[in-house]
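One chain comes next, on its own, written as structure tokens: the form predicted on its own.
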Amino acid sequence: MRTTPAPTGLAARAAELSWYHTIDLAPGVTTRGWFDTRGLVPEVPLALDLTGKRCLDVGTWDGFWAFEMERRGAASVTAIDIDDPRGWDWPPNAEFDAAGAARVAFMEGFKSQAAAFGLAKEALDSKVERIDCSVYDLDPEVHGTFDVVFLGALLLHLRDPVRALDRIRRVCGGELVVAESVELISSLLRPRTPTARLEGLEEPWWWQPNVAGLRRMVASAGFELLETTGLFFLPLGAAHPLPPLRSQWRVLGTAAGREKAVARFKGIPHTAVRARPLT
């Protein structure tokens, strides 16, 4: 991957795109992402040395974890995501916020995810292959099998997260690493009881499991848990919009409102799991 100075105009090109991840494209050029995953890399139980491994990044968006696996020496990295927002497995009303206003800026901005990936790949001189593919469509006869599969913060956006994990199991010939958003309060109050809060209305997600719930989802899909982490928090990035504090105070009586307040000041609660398919 590239370590030379940034190509002329790279910063300006990056500024024209919407980014989910905060990515260091070159010395002095960093994307303005919605989230800043860089400091969380040590929290995730992904092997430091992936030399010779065939790797898959599920729900890559603009490629942070795909490029990280390549940096760790992977022989090849395939990254999948759905380019057209109409194919996203979001709740039907997720195009609208609580006031009924269309999320036009959000939807239009993130239609450029493939372009953002392409620019990052160019800037990093990467060989990662990106495929327009749903996790539900993973097929070992089409895509082969992978030594390492990484899944980051996708399950909450899926109507059927266990089905998605089952499809991943079919192409996972080695290990799966999941780093997923979880609900904080139920993780603290019911640490041993698998639970999940169903959203499915205006927000672009379905299920918000607690830590035990996320682990149960992975096990239910036919995986053996090898390693688990505690809670860690994903910081919001420079591009993430922040609603006025006054509006957040009004919704602190709801679970979703409390989670958003925590996100504003500390980040999005996550946990991670390393697992392998049951034989």
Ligand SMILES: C[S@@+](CC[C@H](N)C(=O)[O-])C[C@H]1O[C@@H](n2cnc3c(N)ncnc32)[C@H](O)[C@@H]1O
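In this text the structure is predicted, and so the values were computed from the model without any measurement. So that there is no doubt, residue numbering starts at 1 and follows the sequence shown.
Just so you know, the form predicted together with this ligand exists too; it's not on screen, but the next bit is about it.
Using a 4.5 Å cut-off to this ligand in the model of the complex, each of 20, 88 and 153 places a heavy atom inside that distance. In the model of the complex, this ligand lies farther than 4.5 Å from every heavy atom of residue 124. Within 4.5 Å of any heavy atom of this ligand in the model of the complex lies no heavy atom of residue 34.
The closest heavy atom approach of residue 78 to this ligand in the model of the complex falls outside 4.5 Å. A residue is said to contact a partner when one of its heavy atoms sits within 4.5 Å of a partner heavy atom; residue 195 fails this definition for this ligand in the model of the complex, lying far away. 133 is the sole member of 120, 133, 184, 177 with a non-hydrogen atom within 4.5 Å of this ligand in the model of the complex. Annotated contact segment (heavy atom within 4.5 Å of this ligand in the model of the complex): 154-162, selected among 184-192, 154-162, 67-75, 141-149.
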